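There is one chain below, alone, in structure tokens, taken in the form predicted alone.
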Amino acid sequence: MRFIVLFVLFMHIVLADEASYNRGEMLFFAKSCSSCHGPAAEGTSSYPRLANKKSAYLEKKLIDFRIGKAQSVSQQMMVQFAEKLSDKNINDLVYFLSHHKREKVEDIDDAYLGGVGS
């Protein structure tokens, strides 16, 4: 009996985590985070990588941005994106980013790129 209770509890946690991950992923794209931070949250030359960062760091930054606290002019642009996020939105985004799953991407054949391979 104890095994069944532990199994059900474990499955509940796993499924809740998966749901949070999925909600966070939807928010990441719906709020256009991918436009600056990249579709895999990998960052660019101008914007930081968010994928697999520590959850405490991501949560603090999003809460700071939500209340209008930014440490630089470039961070100030994040305020408009974060000011309408609820605590649940922040938790889901943080879970998605801190547990980011790398998708396997097939390399494009050189023939398609006209000799400009990756």
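Quick caveat, the model's predicted, so the values are computed rather than measured. A residue's number is simply how far along the shown sequence it sits, counting from 1.
In what follows, reference is made to the form predicted in complex with a small molecule, a form of this protein that is not presented.
Q: Using heavy atoms and a 4.5 Å limit, would one call residue 48 a contact residue for the small molecule in the model of the complex?
A: Result yes; residue 48 sits at the interface with the small molecule in the model of the complex.
Q: Whether residue 31 contacts the small molecule in the model of the complex should be assessed with a 4.5 Å heavy atom distance threshold; does it?
A: Residue 31: contacts the small molecule in the model of the complex.
Q: Would you please decide whether residue 86 lies within 4.5 angstroms of the small molecule in the model of the complex, comparing each non-hydrogen atom pair?
A: Contact check for residue 86: no, nothing within 4.5 Å of the small molecule in the model of the complex.
Q: May I ask you to state whether residue 35 is within 4.5 Å of the small molecule in the model of the complex, using heavy atom distances?
A: Taking the distances in the model of the complex, the answer for residue 35 is yes, it comes within 4.5 Å of the small molecule.
Q: Should the three residues 58, 72 and 77 be counted as contacting the small molecule in the model of the complex, with contact defined as a heavy atom within 4.5 Å for each?
A: Yes, because 58, 72 and 77 each have a heavy atom that approaches the small molecule to within 4.5 Å in the model of the complex.
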